[in-house]
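Just the one chain here, the form predicted on its own, laid out as structure tokens.
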């Protein structure tokens, strides 16, 4: 006999599915609330994303407008982060530079995850010659440090923001391919996968319904770290003139232009540098918090 509250089975009481689902959600929310690393990382990342997206509304000046009469002004109420050698407002340039940093982070990581996971899932599930070919390709790419591989791609394509995104994305492919392959190898012999095969499920259904969804946790954690790495790599490329080109308000190119004034105008390198550090820290903390939250142990 059953009613809306409980179900009576074999002399015992069993919580209905709705109550169990609610209890699971409550427990998951409690874990998030008590995960300070995740909360701090998510808060920093959210602030950076909102500040960048709302830059046209909250930036006090146009980031490209020059005013030589206001050049090299220290931080004040009129220019909270000071001005550069062309009189451009540094706060406005940092806010707009965040849009470039986030564009690079999300786009390059999407390229790396898409290509890397496609190769890794195919190699791990198909095995045989497909696995051998993919593994040798990944080994070849891993023979180059990621930054050196980015230099190689830019040397072929030429400098510029779009080419920097492609270079950073290609440099991240082998890491995601390795992780995706390892997860598939671990999952394809599990009981629920074998049961799906025994019931006549096609390889595509097994892969997309059972294997891939259960292998996303480490990939999500790695993607958070990848975004922080992408921001740092793009800043390094722009610093040496291979990424976003002036007069773009990119953080790396802004730092490069400020290097001649580091001893006299402290605010020029300080605020773009802080923006890079805080944004990368936010993604790193978010990734660490996700790892703790998603780890069943």
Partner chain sequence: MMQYVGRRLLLAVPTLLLMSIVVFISVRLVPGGPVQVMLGLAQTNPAAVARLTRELGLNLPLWQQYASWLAGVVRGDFGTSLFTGEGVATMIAQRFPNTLALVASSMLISIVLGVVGGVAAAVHKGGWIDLLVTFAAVLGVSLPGFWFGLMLILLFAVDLRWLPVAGAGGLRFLVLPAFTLGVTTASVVARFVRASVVEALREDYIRTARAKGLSPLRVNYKHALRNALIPVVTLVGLQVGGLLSGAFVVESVFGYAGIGQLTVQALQERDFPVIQAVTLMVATIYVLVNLAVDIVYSAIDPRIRYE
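In this text the structure is predicted, and so the values were computed from the model without any measurement. Residue numbers count along the first chain shown, from 1.
Unshown form predicted in complex with its partner chain; subsequent notes refer to it.
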{"query": "Non-hydrogen atom within 4.5 Å of its partner chain in the predicted complex for each of 46, 179 and 187", "finding": "no"}
{"query": "Non-hydrogen atom contact residue 241 with its partner chain in the predicted complex at 4.5 angstroms", "finding": "yes"}
{"query": "Residue 147, heavy atom within 4.5 angstroms of its partner chain in the predicted complex", "finding": "yes"}
{"query": "Partner contact for residue 259 in the predicted complex: its partner chain, 4.5 angstroms, heavy atom", "finding": "yes"}
{"query": "Contact of residue 42 with its partner chain in the predicted complex (heavy atom, 4.5 Å)", "finding": "no"}
{"query": "Stretch from 72 to 80, 107 to 115, 201 to 209, 136 to 144 whose residues place a heavy atom within 4.5 Å of its partner chain in the predicted complex", "finding": "136 to 144"}
{"query": "In the predicted complex, the residue from 162, 156, 132, 220 that sits within 4.5 Å of its partner chain by heavy atoms", "finding": "156"}
{"query": "Contacts with its partner chain in the predicted complex, stretch 217 to 239 (heavy atom within 4.5 Å)", "finding": "232, 235, 236, 239"}
